[in-house]
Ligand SMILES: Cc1cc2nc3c(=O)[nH]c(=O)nc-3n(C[C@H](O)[C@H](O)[C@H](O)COP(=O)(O)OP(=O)(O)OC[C@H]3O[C@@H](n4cnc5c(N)ncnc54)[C@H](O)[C@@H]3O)c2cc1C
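Okay, so here's just one chain, in structure tokens, the form predicted on its own.
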């Protein structure tokens, strides 16, 4: 006998659905579907299910909605310290903004030119090929040191389709970037330099397949629209982890867009539509699963029961929740061992363009503890500019061992050491270290070498009545769009089981 969502609450099936659950389930607040996590994936799955007539509840441990979408109000205006970019190909996010009456504007974060500081020396990328410090070999010699990791990773990417990274045909590449470069015969210096701009957590810690998935998706994003950037007429890559925006209007959008007022406006609007279906301050401590329902117990003594559950918690947090139910070794392995990358950023106001004093490029990539310093073009060349210290991979992991005051002092001090002209010219706006966020513990999922083959293909399958969503369950997209993609998939899975 199938369960029809339209008569679930109005029939004896509502009572029978609790069979097999702990006693506390009978005192728990009940819904057709309980969703753990009020980020974009949790809120979107709730929207879809509620539109189809199901009673939903969304719970979150935080005092705000949005997850890794977070806008911070500073004296200089709102700053997105989490997800911030909406590409032309973000169809689901763009649609959500339109439905909720939110406006998109071309991202104004064009970075000023980069210099590189490696091995105690300033490197001119244009003359790197003839620099005595350049011990690379062959074609490697022409790649600037701050780009070599991403350039070599991209060079060997055989993937064409968005989901090729999960295709067993490419299983042999579930290896580290270091191992890939070793197999391809690259020089010791090229491998060393690649570690400073390797996608993911690092050159040893992230599967090449995971790196290639994002590159394939980014490649398609860049091709969106007739006026999208091309190698001949578009912005050219000058630094790792980002590109200059193509501001040309294609269908009303630039290549990269922001939500007016900050990206938190989107989850706030979604939560407002759901109303009292969203419960904040509810931290899950245990999840009891059966074949007929699930119950979440919270740290404040409350509980929620549903015929189905959708869990959107990052696995960095879900591993702290006790889950009881049938054996599920693949998903348990994923929850227990999947690593999370970190990004730490110190957002600053540059009160005077100090690069005009020292004659060096405004932005920096370095092999030192401060990682990268990005100076944002204010389009006048004079006066105050925005900027940020950007730490990823190992530099981000190292800075996470410091408290905020120590981290700020270290970064400003390191910049002043390399650029004495910057002393007194940089004012802190805000700081965000996602690894130290107690409800996230990382800025995004990664996959270690071997983990695509071990569990990535199957870890999103339902665990009895619990379904999974969130950017860590992506199949084809990235960024905010991957959270929305996963929400649709999980909601459809639940609807198919209630039909």
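These numbers were taken from a predicted model, which means no experiment stands behind them. Positions refer to the first chain, counted from 1.
Absent from the display: the form predicted together with the named molecule. The rest refers to it.
Only one of 46-54, 460-468, 61-69, 446-454 lies within 4.5 Å of the named molecule in the predicted complex by heavy atoms, and it is 61-69. Annotated contacts: 82, 282 and 317 all touch the named molecule in the predicted complex [non-hydrogen atom within 4.5 angstroms]. Residue contact with the named molecule in the predicted complex: residue 34 places no heavy atom within 4.5 Å of it. Not displayed here, the named molecule is approached by residue 434 to within 4.5 Å at the level of heavy atoms in the predicted complex. Proximity of residue 343 to the named molecule in the predicted complex: non-hydrogen atoms within 4.5 Å are present.
With a 4.5 Å cutoff on heavy atoms, residue 373 does not count as touching the named molecule in the predicted complex; it lies far away. Taking a 4.5 Å heavy atom cutoff to the named molecule in the predicted complex, the contact residue among 313, 255, 209, 148 is 313. Along 30-46, a non-hydrogen atom within 4.5 Å of the named molecule in the predicted complex is carried by 36, 37, 38, 39, 40, 41, 42, in order along the sequence.
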